[in-house]
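Okay, here we've got a single chain as structure tokens, the form predicted on its own, with questions on binding and movement later.
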């Protein structure tokens, strides 16, 4: 199975079978943004926890209005955060502020714009007809105490952190993010800022990989570059594998004389689960597991292939490790027809645009080759086009994989050797 080409769906399944959840750690509320919740959270109290005033104005007993009263003596003021006061008579009212507890004996709130207050009395304006129960947010009307407000697997953004605070959670159990090593290989690669020969190319893959991981919230990342020397490669890869839970390599994974990665993995005792997926770009993708269950992704060296494989397989696997709840796969319509003769799943870069009727469409933006990294600038992601088809008409609906998913980002320190 390791040497035979498998489908995209088979690759997904084989990866999923090897994933083990990371440890659970306790996280303070102030550091919870971008973390994945590992337990359900329930409402601490009824929501709201008391009959809550919804408007600035006065609170009174509606029965007095029914008897013809339109002028009330102002008995007191009820501010937010104070214990409830007691209405002493039907001809009285209590001034109330938004968010205050409803005074005892009151069943109606009349907004400040519907009254005139003068010399200790509040009088209804002409035409104002209050109703019993108006502008009162009843206790438990949103949800009763003990109701689940967040599920395990939720990615915590600003809204979720606010919900946690409202539920009284000063800290929560979250998934510990794995340590990740990113290794590029190849004698032809030169770091940005260093002198470069005409026959060399810039080392861009690890910078793109680390950036994508950082945006997705992974902060414990080590990045290194190795020459095409098997002895050096094995020593350094073995060292990184022993210190990491996920290893991501780029380059050296195809069938050439200098593609040493598969043989090195075999010599290290890394179990190969597949090598070659029926897709373009990224067909030489290699996946295995280390002696301690580490996930090892060896991505092809061409930069478009690297990013496609990263977003299609690596990032979803990392989210799975964290126990993140899988959302619905986003789908989008092609803005133009395309053709693809090869019997491979085609991952086609696209730009998103809105049609005249407001629907999101994917404008095809195919690169010249899988080495055409610059063509990805300005694209929004890629779509997956089924291997069983050759022609994809305008309006064809395809799964969308965004470069920049709508998720909270965290940045961390990355050590480059």
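All values derive from a computational prediction rather than experimental measurement. Residue numbers count along the first chain shown, from 1.
There is another form of the same protein, the form predicted in complex with a small molecule; it is not shown, and what comes next is about it.
Notebook entry, point to check: If contact means any heavy atom within 4.5 Å, which of 100-108, 154-162, 85-93, 188-196 contacts the small molecule in the model of the complex?
Noted result: Selected range: 188-196.
Item checked: the small molecule: the contacting residue among 130, 288, 301, 217 in the model of the complex [heavy atom, 4.5 Å] -> Looking at the other structure, the residue within range turns out to be 301.
Next item on the list: State the residue from 176, 143, 137, 202 whose non-hydrogen atoms include one within 4.5 Å of the small molecule in the model of the complex.
Entry: Here the answer is residue option 202.
Note to self: With a cut-off of 4.5 Å between heavy atoms, is residue 282 one of the residues that contacts the small molecule in the model of the complex?
What the structure shows: Output for residue 282 is no: heavy atoms all beyond 4.5 Å of the small molecule.
Margin query: Contact with the small molecule in the model of the complex for residue 184, defined as at least one heavy atom pair within 4.5 Å: yes or no?
Written below: The answer is yes: residue 184 has a heavy atom within 4.5 Å of the small molecule.
Checklist line | Contact of residue 262 with the small molecule in the model of the complex (heavy atom, 4.5 Å) | finding: No - in the model of the complex, heavy atoms of residue 262 and the small molecule never come within 4.5 Å of each other.
Check: Does residue 254 reach the small molecule in the model of the complex, with heavy atoms at most 4.5 Å apart?
Finding: Residue 254 belongs to the contact set for the small molecule.
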